[in-house]
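Take a look at this single chain in structure tokens; it is the form predicted on its own.
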């Protein structure tokens, strides 16, 4: 798993490549948490365009960040899912609490 995290003002942009599963979800959580602990960030936008697998651990870590950011008045948005990841996203009910967009600009513009 390759995790690229960029922070800008009140937003974190996390680009994920590979698999978000029980082996990698804690690394993702730790990288995001480092920024949340040191900056006034309240929104997380996740680029899933290069993520080709996600399991329930991935769902859990994303929901955990959503709950954490909601307490700060923030949001989590995702964009660019491949079909396999999209199936898990919808099956896990994430679409009911996290908006999905096709492109980064759409997600950022809807914060």
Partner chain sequence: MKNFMKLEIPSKSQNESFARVVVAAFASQLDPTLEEISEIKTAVSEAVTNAVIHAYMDKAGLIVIKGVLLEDRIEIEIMDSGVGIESVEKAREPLYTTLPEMERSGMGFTIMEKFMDKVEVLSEKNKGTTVKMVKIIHKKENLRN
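Given the structure is predicted, the values throughout are model-derived calculations rather than measurements. Positions refer to the first chain, counted from 1.
One more form of this protein, predicted in complex with its partner chain, exists but is not displayed; see below.
For this session: Identify whether its partner chain in the predicted bound form is within 4.5 Å of every residue in the set 21, 87 and 91, based on non-hydrogen atoms.
Result: So, yes: the whole triplet contacts its partner chain.
Exercise. Looking at the partner-bound form in the predicted bound form, is residue 3 within 4.5 Å of its partner chain by any heavy atom?
Worked result: Judged by the heavy-atom cut-off of 4.5 Å, residue 3 is in contact with its partner chain in the predicted bound form.
Exercise. Does residue 61 reach its partner chain in the predicted bound form if we count a contact as any heavy atom within 4.5 Å?
Worked result: Yes, residue 61 is a contact residue.
Exercise. With the partner left out of view, is residue 54 within 4.5 angstroms of its partner chain in the predicted bound form by any non-hydrogen atom?
Worked result: Yes - in the predicted bound form, heavy atoms of residue 54 and its partner chain come within 4.5 Å of each other.
For this session: Would you check, heavy atoms only and a 4.5 Å threshold, whether residue 42 touches its partner chain in the predicted bound form?
Result: Close contact is absent here: in the predicted bound form, residue 42 is far from its partner chain, nothing within 4.5 Å, heavy atoms only.
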